[in-house]
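Alright, here's a single protein chain in two forms, structure 1 and structure 2, each given by itself as structure tokens.
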Structure 1
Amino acid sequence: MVLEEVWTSRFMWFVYALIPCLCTGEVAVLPAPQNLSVLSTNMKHLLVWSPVIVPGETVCYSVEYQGEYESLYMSHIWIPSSWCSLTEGPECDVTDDITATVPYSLRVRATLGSQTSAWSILKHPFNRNSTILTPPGMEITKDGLHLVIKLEDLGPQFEFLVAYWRREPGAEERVKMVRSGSIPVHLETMEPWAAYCVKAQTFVKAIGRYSAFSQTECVEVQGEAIPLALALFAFVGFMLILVVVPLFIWKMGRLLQYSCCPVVVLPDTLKITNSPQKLISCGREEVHPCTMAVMSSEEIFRVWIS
């Protein structure tokens, strides 16, 4: 009888001890998320994990973080993530949580109704200075003779270092710092018929790191059409002048010659041949009207003129 009472009291004690666990409803029956890792590119940080599968149910997840300060000075403090207090997908954008260049601890747990899993902690704390920096996208355009670059907008933490040069041996490479992307920036006023090349890299001041350079892009500047036409016109005009002016001078010379010093040429109709001509002379000496004389052509001409 005494033994039975002892066993009964112990059994009841065991049941009473279990009551708190049964009443709170926070029994860790869900498995904790596994394989936590952070994927970080260009200062965007994504915490991912293997999903907890419960057939026919939607499992939610909660994420908390702890900076190095908290882990050193107040290790009991975990801060709920800005965007992932209860999220459905097995990932969480923790960019707005990781705001200093120190190691951050991250933890996740699953929730299904009143059930919650244990916390699963990221194996190695994440520091944002390990983010992968990619070469920036860039668009090179020509505005007349102006070389203009437009860079990818990567956010306020990114600056750009742009290197550009004229594509010829021994050309000097110039460098320009561009504070933010998405706004076209003038690099250089180019010379016609020259080629220019450009490449760029990003710089993140918060972590003191540069990305690799982008692929080099080159542009060539054509000369303007109007000056070429002008050159052609000038050449044709010059050639015309070379031909026309001497011709004109020669013509003017001939004209002046005829005007000032004409050469008298007896027309053919007035020329008298050596054969005798029967002409009547009408000079002062009276001549019998019926007198006929044989005169030479010169005598006839002299008489005709007088």
Structure 2
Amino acid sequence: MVLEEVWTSRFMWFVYALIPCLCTGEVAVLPAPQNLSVLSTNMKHLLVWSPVIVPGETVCYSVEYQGEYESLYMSHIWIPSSWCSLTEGPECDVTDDITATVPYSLRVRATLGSQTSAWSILKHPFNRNSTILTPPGMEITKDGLHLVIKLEDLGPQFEFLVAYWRREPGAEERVKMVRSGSIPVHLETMEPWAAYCVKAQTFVKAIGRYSAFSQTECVEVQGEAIPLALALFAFVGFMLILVVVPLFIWKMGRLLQYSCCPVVVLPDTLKITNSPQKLISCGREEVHPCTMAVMSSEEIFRVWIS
């Protein structure tokens, strides 16, 4: 009698367990995703989970989130993720969903045709202030004697604290706040033959946290070398000056000499061949018989045209 009751109770339990499957027509229940976690670096948040494997089938996933506001003021409602409604990969970028520095609950379920799994909820709520901040990538260049830095663009939430100094004992470290990346920024006008070092860290005002400093990078200014073409041009110009300037001075001297003190060459008829005394005596002898006459203008004109 007792044995019969035991078999009867087991048979009824089996019937009750089979009723849901008979009503829904489902042979097996789709398992829920497992091992939920959030990978967060530099304010980029990625929810990942172990994929649900169904041979020969493609399983899709849906993600929902619940922040502090939804939990306290909206009756614990869950909001579908912006980018993860029936996504095929076992991950979801929830960066655009995490908009406040408060705990967020996240859940995911699998879907295959008309089947849906139960929801799997992230074990511990996620807060974006736990994101991992890494030092920014930076590029140090020289523009003449100007020290220039270009930082990695990590997004509008990021600012950068840049420290730089001259590499010498007792040098003062200077700090400059850079508001955005990807734009070259002038840091310092360097002195020739000196070395300068730079390091940087990120700062996110929304969570009030700094990253570690990047590795220090140093550059050395070795004085700007004159290009070969410019050097040759300067040499040729110098040689031209050495030749042209003296020639110009000599020419100007000769020109001034001819202008101010011209050299008059007398014709042979005017050259004095006899002694001055003979010329004087001869002149005296010729003066006496000479008679002076005054010529009129008409006579002068006739003589000039004849």
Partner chain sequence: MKLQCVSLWLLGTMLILCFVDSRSLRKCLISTDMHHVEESFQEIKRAIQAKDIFPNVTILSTLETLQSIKPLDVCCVTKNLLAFYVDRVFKDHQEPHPQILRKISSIANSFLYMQKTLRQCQEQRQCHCRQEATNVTRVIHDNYDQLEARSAAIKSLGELDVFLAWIDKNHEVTSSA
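Take the two forms, find the largest set of C-alpha atoms that superpose within 1.5 Å, and that set is the rigid core. Because the structure is predicted, anything quoted here is derived from the model rather than measured. Please note that residue numbering is based on structure 1, beginning with 1 at the start of its sequence.
Only structure 2 is derived from the form predicted alone. The two forms, fitted on the rigid core, differ between structure 1 and structure 2 by 2 Å or more at the CA of Met239.
Core-aligned CA deviation for Ile53 between structure 1 and structure 2: less than 2 Å. In this core superposition, Trp250 moves its Cα by 23.5 Å between structure 1 and structure 2.
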